[in-house]
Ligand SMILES: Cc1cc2nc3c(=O)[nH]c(=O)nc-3n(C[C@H](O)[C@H](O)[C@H](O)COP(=O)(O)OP(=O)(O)OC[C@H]3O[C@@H](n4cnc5c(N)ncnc54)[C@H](O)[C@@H]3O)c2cc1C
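Heads up, the chain below is alone and in the form predicted on its own; it's given as structure tokens.
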């Protein structure tokens, strides 16, 4: 069994150097996941000097740990948006997801990308009375939107399905776009963390961890979690969930993907593998990661998967991502509510239009500075409570035996009071917990993740431990 994503087995075609000089560009993109690379791809013909920097390696973060589904059928997302906002906004979000599918299909065909892109049937399934009621509301809403769906009412369960869905290999797609960007003279630097961003004389000055500077007219923050708190107040507008995923060889390949309305279970097939996701929870809860992986295997009745990993997703208060302008010439794209593949591809086109000052019909829908309403404000209160809970509980219960001792470089050391390991997250000084399955240190406040040697592999932390 390999404690990593099945996609990370894919050989990266090119390793890019880290930045080793001061540079001046028109557009700087921070983040080398699907959002960042899609944005660079969309801007490749704009005659702008573009630079993309990634703190680690292209595609190794959230994109490399997803399940690789592209669908507008997203559990009961449209009912949730309608409840928080209204039906008009819910329909607009539906239309955006349909467009995202078209964008992906067009790019793959135009660039002749081999990324295991397969049209598939996606099902949303409910079997409990309460969940069937929720799914019935979702079906009625999608029918009003004239969505291409089928509804199956069984005596014991209900499903909504569509054949207008796809699965793909996210890293094969990403690496193909990366190659196109490099051929278009877009500079890509890996292992180049940005540790500060300041505006000076109408330009943004970005400092890297190795003391080089990037001056840019416009900056796109395309990393998973923004590495700043101000001016956006991200912790008030969102929360983070962790999901657990396994891939196992199977002889019963099916050209379907399934999502349940309850317990957040989903699966799809990738050639001879079944990819199974379950057990999503707020990162402030369920700190014993090994226990969650065991529950995942129990749900799938398989205790010997070929691959085992986890992923973290940011959820907004109104279930709509943040894509757009947050300050003059400063753009943000994040918080895809677990549907990162469709929304990252869509974000590339939205950001291109905004940067080039073109109209985009989804500008207001995804506006990160959209006005809150009473319901989103109440959710902000819940986010504050969960953040406080996370901070307090990992201080009080740090002596828990299931992460008290860890092995690093063949030496067993005590995590909590060790002089060898600083177990505080550099972002906001939260205590870290140890994920012994994936061998990472994780922050239960804002999801910064560090490898067993203390290197930051996922922000918002700007520093190693």
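Please read all numbers here as calculations on a predicted model, not as lab measurements. Positions refer to the first chain, counted from 1.
One more form of this protein, predicted in complex with this ligand, exists but is not displayed; see below.
None of 80-88, 359-367, 112-120, 305-313 except one has non-hydrogen atoms within 4.5 angstroms of this ligand in the predicted bound form; the exception is 305-313. With respect to this ligand in the predicted bound form, the three residues 292, 426 and 441 uniformly fall beyond 4.5 angstroms at the level of their nearest heavy atom. Put simply, residue 62 is close to this ligand in the predicted bound form: some heavy atom of it is within 4.5 Å. Among heavy atoms of residue 340, some come within 4.5 Å of this ligand in the predicted bound form. Shown alone here, residue 432 lies farther than 4.5 Å from this ligand in the predicted bound form, counting heavy atoms only. Of the heavy atoms in residue 145, none are within 4.5 Å of this ligand in the predicted bound form. Here is the short version: of 181, 141, 194, 355, the single residue with a heavy atom within 4.5 Å of this ligand in the predicted bound form is 194. Within 4.5 angstroms of this ligand in the predicted bound form, the stretch 60-92 places a non-hydrogen atom from each of 61, 62, 63, 66, 67, 68, 69, taken in sequence order.
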